[in-house]
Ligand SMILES: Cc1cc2nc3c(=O)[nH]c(=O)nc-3n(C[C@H](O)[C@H](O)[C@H](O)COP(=O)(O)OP(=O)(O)OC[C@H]3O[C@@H](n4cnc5c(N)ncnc54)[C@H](O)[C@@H]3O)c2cc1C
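Given as structure tokens, the chain that follows is alone and in the form predicted on its own.
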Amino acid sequence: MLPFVKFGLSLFLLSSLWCALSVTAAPLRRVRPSDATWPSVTEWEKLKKNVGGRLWPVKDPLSACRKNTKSKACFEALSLMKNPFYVQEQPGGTELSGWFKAWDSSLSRYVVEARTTQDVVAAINFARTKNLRLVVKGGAHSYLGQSNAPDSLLLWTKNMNKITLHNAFTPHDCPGKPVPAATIEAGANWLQAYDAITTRGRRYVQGGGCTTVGVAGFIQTGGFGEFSKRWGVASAGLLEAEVVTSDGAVLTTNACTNPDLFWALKGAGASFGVITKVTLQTHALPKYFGSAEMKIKARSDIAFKKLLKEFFIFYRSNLLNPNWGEKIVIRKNNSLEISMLCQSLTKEQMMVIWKPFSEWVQKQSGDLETSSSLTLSVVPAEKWWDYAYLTKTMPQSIKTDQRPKARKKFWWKNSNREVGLYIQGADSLWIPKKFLSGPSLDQLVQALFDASRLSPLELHFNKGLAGASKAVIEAAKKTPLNPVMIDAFALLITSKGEGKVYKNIKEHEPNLVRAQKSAKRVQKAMAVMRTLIPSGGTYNPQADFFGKNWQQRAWGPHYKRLLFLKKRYDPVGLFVGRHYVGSEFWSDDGFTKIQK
């Protein structure tokens, strides 16, 4: 062969290799509307046709206020934005309005309103082939701002909300004993699920406490319901899921089919694809759900620390079991707010349980003031989410959707603060069970006292599995969540925020000076707690946006496996968001690939 022929062949092979690498390698930067490679009008029209006409530019739900904050239209818009169901119905709406120096609620350029799995496939294929930034939104409850991004294509699953009950369900190609279950599409929220499964179906499904949270998104985070010590993390009840991966493939996942992806979906799911439906195991409904509420204020620091210690001793002996969940709040004014929930207990049984603590508090009248005495209530379990029952017997506990065409929608009054909330700072960590006794208890009380001087502290007992049954523990081990949750009796959350404020809306903007101060106080409060519990990890949906070592804090020893699976199922990095698996290889805005 002549030399120039060899040289020409070498150039051809090198050129071919470069072209192959260019096709298969992940793009270095997603395109924006200002780029020449942004899809043409014709290409957008083709996508619109493929999704049944349900593609349109995203509208700003507060556009009237950006024009004139004094107008009637602005007043009406701000009023509607206080309603979480209305916010969910807006492609451009998010439950929270932002996070200081982290993210602000922003508009995607276009939205695909998915109603079928094929709509999801079409949107994913378009985003991948056109190199677009893709965001996915169902309930829009992401604290980390994962469901919105400017210049992106929004895949909106809100109207995929069909729910089917099964008396006996067996996962596909996975032989075993059939169990009662419910198949829930990606856009359904927990109010819709509870209405179908509990209020009308007389069964229980382990889900979220907030009625407006999306089912699929909740499952993908792991999900701690009000009674996790009884029925486990919500994702442990996942029997099967249908998911669309970045190559547009529609996969059935369960313990036998695509088991590695199935495992990843149960605690890191949004990183791997778009879930179109989940099938969850349902359980026999207990006879009762109940609540115990009390507010106590100490008259001195010494008395407050004594109160905290006594409560934890009481909790360890009486409430650290599958019957109890929910939280306490510790504030710098030396107040303790108790808000506990229970299942399967009568009011008489609750009174017996709480009697020792209530009597102890009464005996400390010189040091303690009961601003709200112990209140116990019991509700038939099938009525717990029953709109008609709650509006008649417990109207003070809920807020209802007052729009004329709204159909029996409500949210818990104590969740109202989150609608339009601008987070100033937030973080979480798990507290091991060992801190409930001996010298460790005194250390915990002192740390909680010191940290509460800086920021309010919430201890969510239902978000730690210490006290749960062996079966619940074993099921949790089959999820990718950080194993420290298993021996934790509670998840500590500290946060500060300002409600009903929106960036770039005059007279309704967040106070950034106050936000800066609050953010520092939250960080200092958590530093106190992490000094005592350095390996406490974090629950990713309620993690610090700016937290270091977030991979190990959220998933512990599981992260290496999760990252391996990310490269298998999403090699192009189509599913990117703050604290998603593999997001460390992308810029903070999710547009630029970082070469590491």
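Heads up: residue numbers just count along the shown sequence, starting at 1. Please read all numbers here as calculations on a predicted model, not as lab measurements.
There is also a form predicted together with the ligand; it is not shown, and the following applies to it.
Colleague: Sort through 431 to 439, 364 to 372, 141 to 149, 335 to 343 and report the only stretch with a non-hydrogen atom within 4.5 Å of the ligand in the model of the complex.
Modeller: Result for this chain: 141 to 149.
Colleague: Is it the case that Pro480, Asn482 and Met485 all touch the ligand in the model of the complex, with a non-hydrogen atom of each within 4.5 angstroms?
Modeller: No, the candidate spot makes no contact with the ligand.
Colleague: Please identify the residue among Gly209, Pro286, Pro180, Gly201 with any heavy atom within 4.5 Å of the ligand in the model of the complex.
Modeller: If I apply the 4.5 Å criterion carefully, the residue I get is Gly209.
Colleague: Between the options Glu113, Asp427, Glu95, Asp386, which residue brings a heavy atom to within 4.5 Å of the ligand in the model of the complex?
Modeller: The option sitting close enough to the partner is Glu95.
Colleague: Could you tell me if Phe410 has a non-hydrogen atom within 4.5 Å of the ligand in the model of the complex?
Modeller: No.
Colleague: Give a yes/no on whether Lys229 approaches the ligand to within 4.5 Å in the model of the complex, heavy atoms considered.
Modeller: Looking in the model of the complex, residue contacts with the ligand do not include Lys229, since no heavy atom lies within 4.5 Å.
Colleague: Is Gly267 a contact residue for the ligand in the model of the complex, using a 4.5 Å heavy atom cut-off?
Modeller: Answer no; every heavy atom of Gly267 is more than 4.5 Å from the ligand in the model of the complex.
Colleague: Quick one: is Trp555 in contact with the ligand in the model of the complex, heavy atoms, 4.5 Å cut-off?
Modeller: No, no contact at 4.5 Å.
Colleague: What residues, if any, in 527 to 553 have a non-hydrogen atom within 4.5 angstroms of the ligand in the model of the complex?
Modeller: The stretch touches the partner through Tyr539, Pro541, Gln542.
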